[in-house]
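Below sits a lone chain in structure tokens, taken as the form predicted on its own.
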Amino acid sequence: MENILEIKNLSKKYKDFQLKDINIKLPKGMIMGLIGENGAGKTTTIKAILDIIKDYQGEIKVFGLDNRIDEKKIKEDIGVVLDDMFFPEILMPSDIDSIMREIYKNWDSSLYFKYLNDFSLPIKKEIKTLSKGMRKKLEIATCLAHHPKLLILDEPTSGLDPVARNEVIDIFLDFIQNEECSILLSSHITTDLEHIADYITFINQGEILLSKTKDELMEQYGVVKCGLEDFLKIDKNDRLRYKKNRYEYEVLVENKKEFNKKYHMTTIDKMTLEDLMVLMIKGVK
């Protein structure tokens, strides 16, 4: 399967934070969800891909091209929404169209205004008058209107109500239907990723804890809830993490079927991505 994005041994050191040997492969036609706490390294990774951050070690290839050598060519085919992205507040959505026509060769004004209409966004109102959710919709419309092949999205649905989030998710799913385009999507709204992601990459404290297909994670991993007596029967090698609550233990296991065969415990709950994050970060090995 051809990769639209490939990161090899990406490392970047700051005074109080370090990205350590990040390796990611995103195939064509797929959506990868990036999860992790604030400050885990998700945005730093994204900014390295976009060559906003310099001075890093490792190799990043987009469309098979080196992102530092072929930066201009690559950026033509990338649609970007960053969590800290902003347009000058005195501009209006109609001004964005005029500006972007001069930047992107493939800028499609008719598509841009279609998205504005679909999102019920005013064309002639200054951006400073728009709500956070409306600004986010404007960013999404802008990133899609030049027919990119790769979307790199940092919290694209934050600030949107449930109806708008579903609308945007449908647009993302439609975007990858031709199997030539892909999405790298960082989000704290893990339920969105459970609906649309093909792969999940979990970053914590600058390191990748796991990177697997979503189906593998959701089908094989599980959470065992048990009392002290049953907890003490579980071999340390058979638990990824555990957390002691007031009345029970929660144990993250990697293979529900094998675990059940060995311990005959029927209280193995289906894992959510939120369960995974909480137990991997807050749980004990």
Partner chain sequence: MDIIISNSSEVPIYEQIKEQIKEKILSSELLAGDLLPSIRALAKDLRCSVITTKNAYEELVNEGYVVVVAAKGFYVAEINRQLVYEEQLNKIETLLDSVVNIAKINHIKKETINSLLDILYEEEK
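Note that the coordinates shown come from a computational prediction; the quantities given were computed from them, not determined experimentally. Positions refer to the first chain, counted from 1.
This protein has a second form, the form predicted in complex with the partner chain, left out of what is shown; the following refers to that one.
So which stretch, 188-196, 203-211, 94-102, 147-155, is the one near the partner chain in the predicted bound form (non-hydrogen atoms, 4.5 Å)? After filtering at 4.5 Å, what remains is 188-196.
Considering only heavy atoms, tell me if Met30 and the partner chain come within 4.5 Å of each other in the predicted bound form. Yes, Met30 is a contact residue.
Contact between Met265 and the partner chain in the predicted bound form at 4.5 Å, heavy atoms? Outside the cut-off, so no.
Does the partner chain get within 4.5 angstroms of any non-hydrogen atom of Lys47 in the predicted bound form? Result no; Lys47 lies far from the partner chain in the predicted bound form.
Would you check, heavy atoms only and a 4.5 Å threshold, whether Lys243 touches the partner chain in the predicted bound form? Lys243: no, not in contact with the partner chain in the predicted bound form.
Heavy atom within 4.5 Å of the partner chain in the predicted bound form - residue from Asp161, Asp170, Glu89, Asp118: After the contact test, the surviving option is Asp170.
Which listed residue (Asp230, Glu250, Glu219, Asp70) meets the criterion of a heavy atom within 4.5 Å of the partner chain in the predicted bound form? The residue in contact is Glu219.
Would the partner chain be touched by all three of Glu179, Asp215 and Lys270 in the predicted bound form, meaning a heavy atom each within 4.5 Å? So, yes: the whole triplet contacts the partner chain.
Members of 43-64 lying within 4.5 angstroms of the partner chain, judged by heavy atom, in the predicted bound form: Going through 43-64 in order - heavy atoms within 4.5 Å of the partner chain in the predicted bound form - there are no hits.
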